[in-house]
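This document opens with one chain alone, in structure tokens, the form predicted on its own.
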């Protein structure tokens, strides 16, 4: 039976994975994709480095195919990260502006002041925030020499990372994105699934720059044989969080997941009905099939696992990210120490681009174990904020939360999450659900599987974490977190 190749280009690494017809992961390879921080609040990546890292990971995993035929490829990617490149040379005009980057805070504030923000939100389902792609594109057009004129003349192309990879993979023959990625640009009308003239005018972006929007599961073109030695059909594109929702087999309304990665991303599938959030979340497109619109409500926090990486890489408190679990478990409680990792402002439900990180409750008794525990607890607290808002928008409590992502392997974090939410946390056998979702979508498009019912049969839980914290302790923890968040907010 043929294999399915999934490319998973994330914020800090590019992965490639092979799956068989039973949905089993056969091999995975990863290459680093480092971020650059040229100024406070700015986050960049080298577009060519992203491409090379993804190619290296793909070639490495294809070498493990043991002669079996790869039938189809799916791609999933970090969303909102913005590239603009020259159509003729293929060279990006600037480094890629990463989704976490806050350089366009002033532009977003100007949109709010102009009175256009409410209409932008109505059309897109998104908050006007530097998180999304539109103001990033505008920044490049204003700061790259000659870019405005080139863009109007049709010489420049815009893409999120999926578009960039497809363009490179196909030798520049295909300039496409899928509806889930397009819905994160702040340029697509959420209901029509097409680029919106009002939005293009609001941000001053020529339509000729923009890729063609396709569904998340359909054939879009073949890779150039020079990349992998054979032409492979690309049949799926999806933003990483929508791919993770598919990888958790959450194709039906009411199913939800939370991904613990660089940030935290909680999504609730809402079916064919566009949702409206009144509690600081956003509406987005879920991974969609041809002629079928699917929606989700989403809450995003910008820094989750990245807080643990910060302790390891910037402060040298940890040797490895995994060490955080042992250190956190060595303490009976947090000792009153809280970390609010607002390194790139606060995302949902606060949307405070000017908030900054805060460590509070520190005394002379504070150890590196307290810092590790505070970082892990901050991930759980932020997720609680998302789920509370999601439940308020959805009109009812979630019965359980499916989890995935690299930090989901941390047992302390998962148990603390269950305790603070007061509901079960269910971890699947494979926490790398983003790549799995891309493979599922590609396999469905290529006819490897008969439909979503077959995909749903593949999902297996590995562990269930039940809440067991005393309610008074939960309340005290929550009060301390809320006080810490209030202190870091913009005054």
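Residue numbers count along the first chain shown, from 1. In this text the structure is predicted, and so the values were computed from the model without any measurement.
Although not depicted, the form predicted in complex with a small molecule is the subject of the following passage.
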Quick check for you: of 349 to 357, 224 to 232, 399 to 407, 283 to 291, which stretch puts a non-hydrogen atom within 4.5 Å of the small molecule in the model of the complex?
399 to 407
Since exactly one of 260, 132, 416, 167 fits, which has a heavy atom within 4.5 Å of the small molecule in the model of the complex?
260
Just to confirm, with a 4.5 Å cut-off on non-hydrogen atoms, which of 187, 376, 246, 96 contacts the small molecule in the model of the complex?
376
Full three-residue contact with the small molecule in the model of the complex, heavy atom 4.5 Å, for 118, 124 and 296:
no
4.5 angstroms heavy atom contact with the small molecule in the model of the complex for residue 210:
no
Residue 477 versus the small molecule, in the model of the complex: is there a non-hydrogen atom within 4.5 Å?
no
Contact test in the model of the complex: residue 362 vs the small molecule, heavy atoms, 4.5 Å
no
Contact flag, residue 174 vs the small molecule in the model of the complex, heavy atom cut 4.5 Å
no
